[in-house]
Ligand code: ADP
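In structure tokens, one chain follows: the form predicted on its own.
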């Protein structure tokens, strides 16, 4: 638990008010690819006021981290305006601190030296630097570990160092980029609760918090408002007020009801996006979802108590899955013709029910048929291999084609996904070392 001793004057916070800290209007961020502007963010509007914790909730590809970097002044938007404390933001913002997912500590420095690093960069004198760092370490519950190195600390303690390093500069705004996602469940819960206690007691120097997350329960547990972002590009599609006072009870029916409502809202939005498309295109971005996860979800849904239909928030809780875990599996199953999503529910198709009853080889054959019928990239690879005399083709041949439409990372991820699906269905073979495709019955 956090040290109960009071913080020094530098780490005290004034009572919350409604003053505007940040205002974002019409922010877009994109990059050029094949003479097109591929958008990461599109027409994002956001206001952050003093005394509130706001959550940015969205899946991978929604541009959450990109938006955070724009707010910090680390990158510039392609279009739109960012005002911080009433003035246009044109570079790194003074009074904005960030806590990262991966701790980002200097392994060769002690806890005290890591916390002092930001102050040293600001030119703060050695005595003041030490006093403020010790106060922040004490506040965040690491008193006694000042001379320890990161390798001696648990993941939760290392993240506490990250928080102390952010707080020691007395920021006005604290940005948090999925700060608990690298921690185990119990450690994350303890750290969330401890930080909320400090916030509600007015013991933090910050005036406002913006937290990026893909965990719906975390957002409802911590935030006063939640902004839901769509994916590819990221755009605010909903703003949700959280009416509960702190401390919040996760088991309260009203709490659970709001979590379910948000989950259904995000599912409905994504389902509508998929429904408006008449199937995938060759250049469609695809997530890396293993066939084991697909088969596992089909098997789970095919038997009681679901019998082919499940409420997505309920199945996510029962399987201990986050939004970023469940949505991609469900979407790929829908693309392949094994599932449908409607109004927050997932339904197995008759083909999926048959798949659940099949043995291993029959499943492979059925999966291959659905893959070639519904995923154009898989069909393209198979066609090229069929037509070439040696039935071989290099990876770069397909990767370059995708990179005309997708970012390099998205093209790589999409091709890796189709490679794994094609291997499972024995549609083609792929040699990781030579990066050569071949037909399944040809030695690579």
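Numbering follows the first chain given and starts at 1. Keep in mind it's a predicted model, so treat the numbers as computed, not measured.
Although not depicted, the form predicted in complex with adenosine-5'-diphosphate is the subject of the following passage.
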(request) Verify the flagged residues 19, 203 and 208 against adenosine-5'-diphosphate in the predicted bound form: is each one within 4.5 Å by a non-hydrogen atom? (result) no
(message) Only one of 40, 44, 48, 377 gets a heavy atom within 4.5 Å of adenosine-5'-diphosphate in the predicted bound form. Which one?
(response) 40
(message) Can you work out which of 248, 285, 235, 364 has a heavy atom no more than 4.5 Å from adenosine-5'-diphosphate in the predicted bound form?
(response) 285
(message) Only one of these stretches, 414 to 422, 378 to 386, 56 to 64, 392 to 400, has heavy atoms within 4.5 Å of adenosine-5'-diphosphate in the predicted bound form; which one is it?
(response) 56 to 64
(message) How about residue 69 - does it come within 4.5 Å of adenosine-5'-diphosphate in the predicted bound form, if we only consider non-hydrogen atoms?
(response) yes
(request) For the heavy atom contacts within 4.5 Å of adenosine-5'-diphosphate in the predicted bound form, list the residues of 374 to 409 involved, in sequence order. (result) 407
